[in-house]
Ligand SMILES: CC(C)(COP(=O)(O)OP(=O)(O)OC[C@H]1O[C@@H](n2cnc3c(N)ncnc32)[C@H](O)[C@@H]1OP(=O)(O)O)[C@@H](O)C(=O)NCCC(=O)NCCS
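Okay, so here's just one chain, in structure tokens, the form predicted alone.
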Amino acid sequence: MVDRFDLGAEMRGWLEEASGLPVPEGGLPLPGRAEAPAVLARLGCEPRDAEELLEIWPDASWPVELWWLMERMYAVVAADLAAGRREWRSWPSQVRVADVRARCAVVFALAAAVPLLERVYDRYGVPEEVRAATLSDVGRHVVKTRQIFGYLGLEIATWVALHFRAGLYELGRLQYEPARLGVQGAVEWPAPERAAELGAELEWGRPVLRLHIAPGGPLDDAAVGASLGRARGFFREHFGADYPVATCTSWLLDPRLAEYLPEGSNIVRFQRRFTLVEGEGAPGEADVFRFVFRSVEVAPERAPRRTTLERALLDHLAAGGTWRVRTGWLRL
């Protein structure tokens, strides 16, 4: 199957591990074509993407290998939810696979897994507004995939699979991933002696919410403040866990942005909320071009200069500068 659909060596290894998981009783519980529009709406799919997904909705004409691929993806979600695994796990990207059915198999597998995730939400009393916002991130990333690659697919299955392990919740403008302090991206957390100076809640191994910014829309300062204001209480109320600190690892925290943007800009206000972890961080140009210019190539000469942010990012590169991914923290 891997060779027939050119799924790649990484997927081969992933499937070998997934092949040992239990087969869902009764087969893959994928909704029928009649129920599909409602499920795709639940996942936040835009009309164009939903229409194309409906055109290729799995049926009896699909090769048995692709049904097995979706079944294995569903089995991984089911096993992770049953075991309560919330940590980051890799899902190989199939975004460059030529066969659109194989490329979108993960979307269909996740559609089948929605009831599993809803049962977890029921158990913890997660409000409908939070469920809907969290699930709709799937559709946003389908849109983002089309913007980058020009066709239907879901590039970062690893990211969206986190939602389906009940490992991420969207509260207004921001998303939160329960974790523990330690290595944040490519930047180490303060050394133990430094963390002790900052407070016990900042020591290695302590609970933390990793903060993520949902794609689309301005980073409105009031919306950011409202989201931060409810985060700690949400997890305390629904999960019985206290997270006094949030961290963010992003190119948006590169302090050199403040040299180009107005003091009152949303991005600068966002930066001012965080205390940066010491160090230089990781190279950030790839993230800048992916998230701002929707490009997998770092190509300043082809990038548009439509907004103040775009011009700032490109002017800094033109002057010989670089952008870095930095980690910052704040108390909730």
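Please read these numbers as outputs of a predicted model, since none were measured by experiment. Start at 1 with the first residue shown and count on from there.
The next section is about a form of this same protein that is not shown, the form predicted together with the ligand.
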Checklist entry - Within a 4.5 Å heavy atom cut-off, is residue 322 in contact with the ligand in the model of the complex? => result no
Next on the checklist: With a cut-off of 4.5 Å between heavy atoms, is residue 10 one of the residues that contacts the ligand in the model of the complex?
Outcome noted: no
Checklist entry - For residue 215, is any heavy atom within 4.5 Å of the ligand in the model of the complex, or not? => result yes
Checklist entry - With a 4.5 Å heavy atom cut-off, would you call residue 243 a contact of the ligand in the model of the complex? => result no
Checklist entry - Counting only heavy atoms and a 4.5 Å cutoff, which of 55-63, 272-280, 289-297, 23-31 contacts the ligand in the model of the complex? => result 289-297
Checklist outcome for this item: The listed residue (93, 227, 250, 247) that reaches within 4.5 Å of the ligand in the model of the complex by any heavy atom is 250
Next on the checklist: So the ligand isn't shown here. In the model of the complex, which residue out of 120, 219, 156, 198 has a non-hydrogen atom within 4.5 Å of it?
Outcome noted: 219
Checklist entry - For the stretch 300-329, which residues lie within 4.5 Å of the ligand in the model of the complex by non-hydrogen atom distance? => result 307, 308, 309, 310, 311
